[in-house]
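A single chain comes next, written as structure tokens; it is the form predicted on its own.
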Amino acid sequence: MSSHIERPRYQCALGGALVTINSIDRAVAIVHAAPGCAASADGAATVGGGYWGTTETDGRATPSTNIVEREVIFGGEERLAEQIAATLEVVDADLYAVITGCMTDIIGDDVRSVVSEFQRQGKPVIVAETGGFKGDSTVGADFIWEAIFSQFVAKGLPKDARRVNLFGFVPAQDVFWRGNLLELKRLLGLLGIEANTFLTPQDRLKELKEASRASLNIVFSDVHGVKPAKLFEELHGTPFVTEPLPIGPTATEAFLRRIASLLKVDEETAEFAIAQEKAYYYSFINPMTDLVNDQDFQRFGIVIGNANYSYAVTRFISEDLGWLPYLAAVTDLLHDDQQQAVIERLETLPADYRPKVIFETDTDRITARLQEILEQEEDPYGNPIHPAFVIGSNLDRPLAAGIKAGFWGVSYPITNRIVTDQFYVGFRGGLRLATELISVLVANR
């Protein structure tokens, strides 16, 4: 073995599809895989995703074919048909999503043929082949969204000029996806725009069924959710734009202005909404500035997270918090073109605030790469990034301790606190993040 995966920061493709379905109202997954796949994937998402909770049909209650040697040798299609029929009879839902694991994809079960029999009967069953070896959880999420767009979303509905769909979030992989989506919905509502979010407890399946009414899809990622958005445009005629996660006043103001321009929101409405939100943000931030300046709380920032968070957090700490970004470690499994998209986004930062960028998933390798970079620095005091602050996942706490830096977790996995509707996007999300970071610095006073 030439390499190994050490403390992974993602799940397999099946896991990404499973947690996406589990986040949708009245949707249930039917897993066609070996015993343990569904429970293991769901467990990793639940624990690493801030203990986001359970539904009636996830975890060990997930409908699953649990194929064994017999199905591997003779095929599992008959077993899948049996499981779909049983689930339709026992589980009250409005969308049943068949997703597959490594073993069933390798033996080549014709799952689409099995599902098509139920579709011909008018049953709301869709299928996506999500064998875990095909990629990480972001890839699996893309697979299931493509299945939903092509097999479930109604076609030919009239467009609503002020309705948008929000994509680019992978539940649990973005630990704060529910709060982030709800806050984005609230912000867009200030512009008179109705936003469909699909993945929060406040959403209903009807909104997903009628998602083709939207006049614009907003993908909050340069890499995740882009492929399904292209398919959505082909199938339903809705164009899309990619936007970075807007964290803090600078990014959020720019985001709202772009969307207001695209959807032709009148200038007075947009300016009023932005002014109100900025006033709220600074009414709390301004009183804190004396503390930050007097105590010299400026820091060198090390941001460790996925493609979505690495840029968004780096931008926030540099443009809004006044810290110096030193390193951005991007932890996704990305193709070359996706890495280039992330680099290009980071290069939009002012030159003095562009961090060094590495693409690395394994925790120990991130630490080693950081040490290599530090050893190349010429610094008469022995530590060119003192004092520093690490913003990453729970896996990065030892790295922070090793360089005597502050630490706060914002990316998967987060196992040391409960996450419900907290969020980091928007003006108020930036206020939350600033409060949490500064609180770490005063915690031991």
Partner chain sequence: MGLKTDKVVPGREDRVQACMAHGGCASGIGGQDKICLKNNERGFSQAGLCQLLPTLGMLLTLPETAVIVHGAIGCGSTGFAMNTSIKLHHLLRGNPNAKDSLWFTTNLDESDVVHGGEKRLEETILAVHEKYRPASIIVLQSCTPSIIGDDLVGVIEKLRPQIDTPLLYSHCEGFKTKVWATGYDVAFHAMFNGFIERDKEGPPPRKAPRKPGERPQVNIINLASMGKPDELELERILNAIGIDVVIGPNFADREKIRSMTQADLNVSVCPTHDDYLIEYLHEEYGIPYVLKDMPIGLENTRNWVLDIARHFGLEDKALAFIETEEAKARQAVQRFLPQLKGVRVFLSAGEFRALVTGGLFQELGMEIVGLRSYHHDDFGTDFYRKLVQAQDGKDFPIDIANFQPFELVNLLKKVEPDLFCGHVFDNAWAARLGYPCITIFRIFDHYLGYRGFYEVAKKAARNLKNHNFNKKLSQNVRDAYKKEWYAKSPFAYIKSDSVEPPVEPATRAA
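In this text, all values refer to a predicted model and were calculated from it rather than measured experimentally. Positions refer to the first chain, counted from 1.
Below: the form predicted together with its partner chain, not depicted.
Contact check for Y412: a heavy atom falls within 4.5 Å of its partner chain in the predicted complex. Though the partner is left out of this view, R445 does not reach within 4.5 Å of its partner chain in the predicted complex, counting heavy atoms only. Interface membership of F133, defined by any non-hydrogen atom within 4.5 Å of its partner chain in the predicted complex, is confirmed. Residue contact check for M103: one or more of its heavy atoms lie within 4.5 Å of its partner chain in the predicted complex.
Checking D336, E372, E234, D92 for any heavy atom within 4.5 Å of its partner chain in the predicted complex turns up a single hit: D92.
Considering its partner chain in the predicted complex, the lone stretch of 311-319, 161-169, 82-90, 176-184 in range is 82-90 [heavy atom distance within 4.5 Å]. Looking at 207-240, no residue comes within 4.5 Å of its partner chain in the predicted complex, counting any heavy atom.
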